[in-house]
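Consider the single chain below, provided in structure tokens and representing the form predicted alone.
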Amino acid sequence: MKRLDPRKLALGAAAPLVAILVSLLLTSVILLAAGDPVGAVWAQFFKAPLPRQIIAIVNEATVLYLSAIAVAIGFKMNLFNIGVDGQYRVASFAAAVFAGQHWLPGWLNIIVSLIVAILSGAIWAGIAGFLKVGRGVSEVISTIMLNYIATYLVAYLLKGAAVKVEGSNATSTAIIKEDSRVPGISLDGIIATPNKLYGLIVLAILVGFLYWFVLSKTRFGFDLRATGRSETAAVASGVKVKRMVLLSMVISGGAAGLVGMPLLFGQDYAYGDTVQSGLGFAGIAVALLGRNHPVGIAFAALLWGYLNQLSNGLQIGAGVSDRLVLIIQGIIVLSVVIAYELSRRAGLRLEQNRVAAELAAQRAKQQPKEVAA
């Protein structure tokens, strides 16, 4: 059994809290320097959200959670998958086109569309994985370029697949019928609002559980983490590193393919030119803040959703641009990276001190025996 070190647990918990406090302090300094009302800004952020805002926060967190899990899979392998944004665009478009054809009835149409999304995201990410293992191309460069290719490729294909809606200039795929939509979850009995949670929040929970189970409880997860920490050690233990790199990118892309599904089946019911962008890049920040842990990512996603939703009233309530939230989020990410590195170094120092103390104690016990002999 692995012993729990209270000091290490305290360091792990303190790191994100310190990062958030530092971000609050730095943001206050920026507000003062710009001549903006610090008190009014924080009053806006720290007030209790309205019932409809609570639903919006959880819904946004659901999408961000899926995005962050996709990024975290790559992080565990020491891969920087910046291509989640392109992967979920390709997957959302493919799933929307398939679901809009209504070849299958009801829930069967939804399930197969989800599989289409997973496969589409996996194939698109697999291109970057193949380039890395086959040609040595950095996944950072290839995934960034694939984001641009995905954006323009989907825009081109959308022109051919789009269905014209009378009285509207919007361009989108065929609207998904009622029987192929995922019903929302009502919390009207708990909080007074007609708004509903995305029904596919259940999918996000399932993905988080599978992420934890595979990484923590399976041989594949162990090989993945071992390869991410040391390729040399992984090779020595018989792990096929190139195969693991390719599989990790494919799995990360498959998870990225699910990012747009709560929006597609629970809100938009079609893929159009107004699809939400930037979810992949937000997922990187959420994964970093959550330390790639499924529970930590959940809290980080809720924090991100909270900041985004409460920022809508900044201009009215505090006379400050809602873009301020981008500054806060950026400072949080930088603070988190620094805080986690300091926490890691402090934990390493504690471990070294512990080992040194145990060795000193063993030597102290052996010395009387040596004198007696």
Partner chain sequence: MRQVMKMAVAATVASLALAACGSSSTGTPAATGGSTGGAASGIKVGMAYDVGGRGDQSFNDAAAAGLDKAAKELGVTSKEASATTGEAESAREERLQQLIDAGYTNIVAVGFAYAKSVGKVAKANPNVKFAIVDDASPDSTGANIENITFAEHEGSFLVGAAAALKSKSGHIGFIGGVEVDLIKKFAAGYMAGAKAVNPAIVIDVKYLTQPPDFSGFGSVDKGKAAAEGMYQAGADVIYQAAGGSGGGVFTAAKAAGKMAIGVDSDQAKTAAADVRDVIITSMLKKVDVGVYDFIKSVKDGAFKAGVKVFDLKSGGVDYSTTGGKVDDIKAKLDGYKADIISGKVVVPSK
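Positions refer to the first chain, counted from 1. These figures come from a predicted structure and were not determined experimentally.
There is another form of the same protein, the form predicted together with the partner chain; it is not shown, and what comes next is about it.
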item: The partner chain in the predicted complex: contacted by all of Ser120, Asp179 and Leu307, heavy atom 4.5 Å; value: no
item: 4.5 Å heavy atom contact, Gly126 to the partner chain in the predicted complex; value: no
item: In the predicted complex, Ala285 touching the partner chain (heavy atom, 4.5 Å); value: yes
item: Close approach of Asn147 to the partner chain in the predicted complex, 4.5 Å, heavy atom; value: no
item: Distance check, Asp188 to the partner chain in the predicted complex, heavy atom within 4.5 Å; value: no
item: One residue of Gly184, Gly208, Gly228, Gly296 in contact with the partner chain, assessed in the predicted complex (non-hydrogen atom, 4.5 angstroms); value: Gly228
item: Answer range among 199 to 207, 245 to 253, 276 to 284, 101 to 109 for contact with the partner chain, defined in the predicted complex as heavy atoms within 4.5 Å; value: 276 to 284
item: Members of 240 to 271 lying within 4.5 angstroms of the partner chain, judged by heavy atom, in the predicted complex; value: Gln267, Asp268, Tyr271
